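Shown here is one chain on its own, the form predicted on its own, set out as structure tokens.
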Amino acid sequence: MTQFFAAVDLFGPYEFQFFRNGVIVATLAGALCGLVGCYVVLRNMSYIGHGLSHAIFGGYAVAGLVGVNLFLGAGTWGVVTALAIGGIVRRRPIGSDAAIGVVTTASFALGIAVVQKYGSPGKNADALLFGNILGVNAGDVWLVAGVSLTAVALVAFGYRPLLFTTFDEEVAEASGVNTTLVEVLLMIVLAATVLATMSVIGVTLIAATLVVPAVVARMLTDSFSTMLLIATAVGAVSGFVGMNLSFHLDLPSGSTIVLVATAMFLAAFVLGNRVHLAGKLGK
């Protein structure tokens, strides 16, 4: 490991604007996914993060085909997809996992078909699927920064309704909380998060960046507010370290970010087991 750090120029890549943009976006995207991922995990919606990322790819392709703004078109498609899944589950005896599987997989298949037939409307399809550091520009930085500020504002001003709805939706509704509005706002932020981070992390790996930091935080604390902070920090560190490693090891940025987050999960898992064992031995 020492030889590796001695052999590479750790600060050399920062001479390039595209790399600096990539590091900023990856760090912000990791923090954003960690924050939003707490609500995804605690609401048992882990699979919808995976499905929604695939559905948004379909919306991206269709938006390009019909000539509308890619961000607005794909984002709207993602929100409508998420709400449609909820509607199907409420009106038919179908489990949420089955509804997510049907709706989002169909949308993803449509996106692949459109791209194959008419070509990618914007960035290369492979870059969207797996992430691409070379495709990151100043626009991506501002996009992720804007979505991140929106998510932070939503959590700050809607902390109690979000918390109440996350842990017990039925009781929250009975207590006067507009759970429908809370769900819609959460889906909008989730869709915007997925769309904004596609260029760095890639469609196929976004679900992991939403889930892993939140799971790590959940393993380390029972406090919800502390969980939000830890998950955000874990996501940011994963994005920063993963982006740097991806450049030096010549690996896809999304894959490397997820692997760094997974390593942190394993460390938290081992640490948690040792603390639990020490507690038992101390009794």
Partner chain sequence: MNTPSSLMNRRTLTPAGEALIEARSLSVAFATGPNVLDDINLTVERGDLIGIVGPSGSGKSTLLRVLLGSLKPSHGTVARSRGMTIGFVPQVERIDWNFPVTVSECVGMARSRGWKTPWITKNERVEILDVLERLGLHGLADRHIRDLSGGQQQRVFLARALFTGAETIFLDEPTSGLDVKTRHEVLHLLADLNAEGVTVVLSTHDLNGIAAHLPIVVCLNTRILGAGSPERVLTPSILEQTYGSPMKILEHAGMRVVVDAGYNSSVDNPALTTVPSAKRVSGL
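Positions refer to the first chain, counted from 1. Small disclaimer: the values here were computed from a predicted structure and weren't measured.
Keep in mind that the form predicted together with the partner chain is not shown, yet the notes after this line are about it.
Enquirer: Quick one: of 149, 184, 109, 163, which gets a non-hydrogen atom within 4.5 angstroms of the partner chain in the predicted complex?
Expert: Of the candidates 149, 184, 109, 163, 163 is the one lying within 4.5 Å of the partner chain in the predicted complex.
Enquirer: Here the chain is shown alone; which of 229, 245, 42, 65 has a heavy atom within 4.5 Å of the partner chain in the predicted complex?
Expert: If I apply the 4.5 Å criterion carefully, the residue I get is 42.
Enquirer: Using 4.5 Å between non-hydrogen atoms, is residue 177 touching the partner chain in the predicted complex?
Expert: Yes, residue 177 lies within 4.5 Å of the partner chain in the predicted complex.
Enquirer: Does any part of residue 224 reach within 4.5 Å of the partner chain in the predicted complex? Heavy atoms only, please.
Expert: Yes, residue 224 is a contact residue.
Enquirer: Examine residue 171 and determine whether its closest non-hydrogen atom to the partner chain in the predicted complex is within 4.5 angstroms.
Expert: Result yes; residue 171 sits at the interface with the partner chain in the predicted complex.
Enquirer: So in the predicted complex, does residue 157 come within 4.5 Å of the partner chain, heavy atom to heavy atom?
Expert: Contact with the partner chain, yes.
Enquirer: Quick one: find which of 28-36, 236-244, 252-260, 215-223 has residues within 4.5 Å of the partner chain in the predicted complex by heavy atom distance.
Expert: Of the options, only 215-223 has residues within 4.5 Å of the partner.
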